[in-house]
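The data below hold one chain only, encoded as structure tokens and taken in the form predicted alone.
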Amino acid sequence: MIIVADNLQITDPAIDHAVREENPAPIRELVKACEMAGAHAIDINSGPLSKEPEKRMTFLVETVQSVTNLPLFIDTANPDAMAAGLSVCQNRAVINGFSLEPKKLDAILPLAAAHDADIIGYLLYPDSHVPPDAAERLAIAVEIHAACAGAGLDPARLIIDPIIAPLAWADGTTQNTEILALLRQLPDLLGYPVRTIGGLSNLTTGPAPREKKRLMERTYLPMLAASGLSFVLMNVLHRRSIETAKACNALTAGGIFSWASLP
């Protein structure tokens, strides 16, 4: 699994303040800490950026790439901000992301071909609701794949996000078991080794003791890895969770195992 840091979020008051004040220092320090912790890529989660979206996304992307060469996942629902971020991104870029929602099909998906970027497709209904099971998610995956082809995008550019469900939902454990089945079935369904990504923090959304949340992260991670997940989006500063992710990679990498590969 490629480990994508989800630590850089506009919902963090320190990051929000740094963006509003155009102060790069806190952002740079966070990105350097994420890379040192073991991140293979950085997600820049700017939220909708309703105020000065192009300017603020440009600031974020330029600030992050000033201290890392890692791939950048540009994570916003605002197409103007997305386009601005892509236009200044010198690192490898991934668009995070689009769904069957008409606005995203029309405004976000075409940016992938225009900027020669990978793109994440969310397995959501057009009204942004989450499907209840693997069968419904698989049907949406076929539509997402077709949408990419219709936009002139190489299917190899697509990364599918099945949408990990919060355990707090009434059917949260059932949905997340269904996701494991979906990860195993997707390559056969689409006819090629489609890449997948899961947002691990979704699993523990809602109030719960911190240590219990992290226990569930560490428990679900190996299940995702064994099911073939390509990318995991996670808080890389959760020390024991990142150790688990690295151990999963050591077990699934193939070849000769080395204890030196463990943290």
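None of these values were measured; they are calculated from a predicted model. Counting begins at 1, following the sequence as shown.
Form predicted together with another copy of the chain: not shown, discussed below.
The chain is drawn here without another copy of the chain; in the predicted bound form, the stretch among 23-31, 209-217, 37-45, 51-59 whose residues come within 4.5 Å of it by any heavy atom is 209-217.
The contact with another copy of the chain in the predicted bound form, taken as any heavy atom within 4.5 Å, belongs to Leu180 out of Ile108, Leu180, Leu138, Ala117. With a 4.5 Å cutoff on heavy atoms, Gln9 does not count as touching another copy of the chain in the predicted bound form; it lies far away.
Contact check for Gln90: every heavy atom lies farther than 4.5 Å from another copy of the chain in the predicted bound form.
When another copy of the chain is considered in the predicted bound form, Leu167 lines it closely, a heavy atom lying within 4.5 Å.
When contacts are judged by a 4.5 Å heavy atom cut-off, Ala14 does not count as touching another copy of the chain in the predicted bound form.
Relative to another copy of the chain in the predicted bound form, residues Val142, Cys148 and Ala156 are all farther than 4.5 Å at every heavy atom. With contact defined as any non-hydrogen atom lying within 4.5 angstroms of another copy of the chain in the predicted bound form, the contacting residues in 241-263 are Glu243, Thr244, Ala247, Cys248, Ala250, Leu251, Thr252, Gly254, Gly255, Ile256, Phe257, Trp259, Ala260, Leu262, Pro263, given in sequence order.
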